[in-house]
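Take a look at this single chain in structure tokens; it is the form predicted on its own.
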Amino acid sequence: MYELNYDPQICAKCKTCDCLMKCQYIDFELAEARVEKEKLLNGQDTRILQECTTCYSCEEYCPAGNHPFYQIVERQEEKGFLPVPEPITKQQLTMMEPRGTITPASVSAPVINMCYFPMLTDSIRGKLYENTSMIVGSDIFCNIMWLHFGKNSAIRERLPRMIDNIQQFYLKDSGVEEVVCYHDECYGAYTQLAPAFGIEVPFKVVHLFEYLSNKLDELSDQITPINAKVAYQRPCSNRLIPQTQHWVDDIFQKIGADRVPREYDRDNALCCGQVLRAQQRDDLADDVQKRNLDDMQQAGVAYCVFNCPVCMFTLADAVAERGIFPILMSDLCQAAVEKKAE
């Protein structure tokens, strides 16, 4: 079984407890945070396990890169503190399991990995994606979502199989050595979560935003600036890979979109609220969504830009009701390129 690369001594010696003190959903005084952290390290019950919203943020906050969030999830599963009610967890585990229906297919670079979201494959179109191959389906699902369910065991079991499926069924015989991940979830799974559990990834991984930024450079003379204020809904999985955030700003600059300053953006971004609803914390979900939407509206943005499909499915209607247009980053870039042709 793959083991988490976690050093309890690093956490024991930590004086700041940033993973807890910076948490947006649980309030701690420093002394209490140290006590609760010690309980966690000793395998005792702690309010951390019961109150954690599984927003991933403490992975970003830890200055030592010691995977405190993964350790919290380990303890949740070990002690039976499932964040989501067990019937829902079992249903989701069954619904999202690999089907074993994958068949070999020849692909050519660049290969766009759409994970388990066939409903978004129409986004792979136009000049941004000319001559690309696309892969999608339950048998290449990155399975990172089980962090929200306190189920690291499902990740250990399924992620290596998904990685092997990509390599054996698509890349190996095609002579392709890299995959472009359309979602933060997949990029985070392959570049941050897999190494944390000692899971090997035999192919190179490219973030969609790096790919888009490079394509926009190639098509720079065909871009019509968006000329609008935008808000970016940062997904929870991006907390695992904060080094990719500069591409968001790069892309907005290249397409003439103004990412206006907001309270709930960047390091202080709020989640979309869907996980909170799955955890049956409706009051907290309502509060988080209201603060987030009020913040966007007060900033006077024309677009709310998403990368995570779950964030978009969750907030699209609510955003639209505020007079803000919900759109995927890929589609916004496509619009900037396609405007020229009009």
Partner chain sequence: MKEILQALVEIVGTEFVSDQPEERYLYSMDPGTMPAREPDFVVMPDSTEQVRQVLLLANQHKIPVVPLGAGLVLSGLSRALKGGIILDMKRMNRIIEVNEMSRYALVEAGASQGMLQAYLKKHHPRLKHSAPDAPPAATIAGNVCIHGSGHISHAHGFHSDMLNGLEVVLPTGEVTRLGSCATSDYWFSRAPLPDLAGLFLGWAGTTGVITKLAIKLYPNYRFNDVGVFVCEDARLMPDILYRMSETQMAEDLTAWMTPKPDWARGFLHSNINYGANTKEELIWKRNLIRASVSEYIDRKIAGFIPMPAAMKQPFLEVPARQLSRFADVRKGGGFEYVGVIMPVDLFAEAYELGLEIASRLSVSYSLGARIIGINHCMMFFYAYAFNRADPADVQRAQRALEATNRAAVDMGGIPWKAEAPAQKEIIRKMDPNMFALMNRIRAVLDPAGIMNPGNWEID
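Positions refer to the first chain, counted from 1. Just so you know, these numbers come straight off a predicted model, no measurement behind them.
The same protein also has a form predicted together with its partner chain, omitted here; what follows describes it.
Given that its partner chain is left out here, which of 82, 120, 206, 223 has a heavy atom within 4.5 Å of it in the model of the complex?
-> Exactly one listed residue reaches within 4.5 Å, namely 82.
Quick one: of 27, 32, 282, 45, which gets a non-hydrogen atom within 4.5 angstroms of its partner chain in the model of the complex?
-> Result of the distance check: 282.
Decide if the three candidate residues 143, 157 and 243 all line its partner chain in the model of the complex, where lining means a heavy atom within 4.5 Å.
-> No.
Any idea which of 35 to 43, 308 to 316, 294 to 302, 64 to 72 reaches within 4.5 Å of its partner chain in the model of the complex, heavy atoms considered?
-> Heavy atoms within 4.5 Å of its partner chain in the model of the complex occur in 308 to 316.
Within a 4.5 Å heavy atom cut-off, is residue 101 in contact with its partner chain in the model of the complex?
-> Judged by the heavy-atom cut-off of 4.5 Å, residue 101 is well away from its partner chain in the model of the complex.
Mark residue 125 yes when one of its heavy atoms lies within 4.5 Å of a heavy atom of its partner chain in the model of the complex, and no otherwise.
-> Residue 125: no, not in contact with its partner chain in the model of the complex.
Looking in the model of the complex, any heavy atom of residue 88 within 4.5 Å of its partner chain?
-> Residue-level check for residue 88: yes, a contact with its partner chain.
Given that the partner is absent here, does residue 131 sit within 4.5 Å of its partner chain in the model of the complex, heavy atoms only?
-> No - in the model of the complex, heavy atoms of residue 131 and its partner chain never come within 4.5 Å of each other.
Any residue of 270 to 297 with a heavy atom within 4.5 Å of its partner chain in the model of the complex counts; write them all down in order.
-> Residues within 4.5 Å: 274, 277, 278, 280, 282, 283, 286.
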